[in-house]
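Subsequent text provides C-alpha cells for two forms of one protein chain, presented individually as structure 1 and structure 2.
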Structure 1
Amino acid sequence: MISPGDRLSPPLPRRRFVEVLLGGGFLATVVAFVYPVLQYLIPPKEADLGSDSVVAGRTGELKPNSGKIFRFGNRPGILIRTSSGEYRAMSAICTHLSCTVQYRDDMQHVWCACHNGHYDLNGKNIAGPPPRPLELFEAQVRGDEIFVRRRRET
C-alpha cells in the first residue's frame, strides 16, 4: 500500500526518450558506414581450398610454344609448353598487383598486361614493375595427364 509520504519514481521524460532514440540511430549510422570500410581495408584471409597437386591438362592439349591457364585451388596457375617440348608451371598471379599473367608465344615469356610486367620461363621477373618472381610449380607427365604440384622446400 502506498502511503501519502512515498513518492513514485518520475516517468521517463519525453526529451530523454527522444535523445536515446536519436543517439541509437546515430550510432547505428556510424557503424553502417565504418564497418564496410574496415572490411575493405582489412580483407579476410583466403583459405587455400586446393590440394598440393592438380591435373593441369592433357599432353595433346598444348602445342609447343604455347600456354594455358588452369585452376590450382582457388588461384590460377599457368602451364607452358616450351619450344623444346618441356612443360613448365607457375603461379599466374603477377607479383606486382595480382593481375593474371599470360604466355606470349611471340616473345616466348610470361607477360602481365596490367602494367607490362615480364617474366622468363623460370618465373623470374625480367622487366617492368613486378618486384618478385612468380611461384614455380613442378610439372610431371603421367600417362596422358600433366600433373602440377607445389614445390616442397628442402
Structure 2
Amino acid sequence: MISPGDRLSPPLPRRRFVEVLLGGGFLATVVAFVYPVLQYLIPPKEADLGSDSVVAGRTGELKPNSGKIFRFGNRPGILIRTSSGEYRAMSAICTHLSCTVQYRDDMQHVWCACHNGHYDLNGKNIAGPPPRPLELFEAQVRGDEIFVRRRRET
C-alpha cells in the first residue's frame, strides 16, 4: 500500500528548500524594515556643547548668601556666594530625579524642591532622597567675571 504521504516524500526536500527560501526572504524583509525604524526612534546624540569653562556671572551680581542658576553648556549649574563671600559652583541637576535645585538663604545650603533633598555647600547630599553628591565645579574670579569649569579628573 502506498499512502498519499509516501508519494509526496521524494519532492519534500525541494519543498522545504522553497519554504526556507520564502521564510528567510520574508524575515529579511521584516528586518530590513524594522531595523531602520528602530534606529530612527533613537535620538541622535547631541554634541555636548563641550563648554568646559563658562562665565557664570559677574562679581557684584550676587550678594553674600545667595545663589543663581547659570547655563553650563546645555545643563543648568548653580553659582553660590556663601555668607563669607566665597564663590561655589556645582551642577544644579538633583541626583535624585534630576529636578533643578536652588539655593536657600534661610538654610544656607542647596535644596531641591521636588522631594525635599538637601546638599551642603560642597555639593554633598546631606538629607532627603538624593543618593549622590552634586558634581562640584571650580569657580574662579578673573577680573569682574566669575569663571566656572569642570574639575579635572584626578
Partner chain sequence: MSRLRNVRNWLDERFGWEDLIAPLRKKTVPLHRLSYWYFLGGITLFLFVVQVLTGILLLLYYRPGANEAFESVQYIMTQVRFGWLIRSIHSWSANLMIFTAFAHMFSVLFLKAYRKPRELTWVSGVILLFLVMGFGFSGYLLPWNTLAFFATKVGTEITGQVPIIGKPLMIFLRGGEDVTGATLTRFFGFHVAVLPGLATALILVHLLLVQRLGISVPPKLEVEWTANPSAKREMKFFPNFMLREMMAWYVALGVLGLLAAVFPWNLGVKADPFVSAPAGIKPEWYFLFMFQTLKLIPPKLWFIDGEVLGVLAFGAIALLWLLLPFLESNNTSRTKRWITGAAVFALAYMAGMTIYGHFAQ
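Please note that residue numbering is based on structure 1, beginning with 1 at the start of its sequence. For clarity, a rigid core is taken as the largest C-alpha set superposing within 1.5 Å between two forms. Keep in mind that this is a model prediction, so the values were computed, not measured.
The chain appears twice here, and it is structure 1 that represents the form predicted on its own.
Once the rigid core is overlaid between structure 1 and structure 2, residue 36 counts among the residues whose Cα shifts by 2 Å or more. For residue 18, a C-alpha deviation of 2 angstroms or more is recorded between structure 1 and structure 2 after rigid-core alignment.
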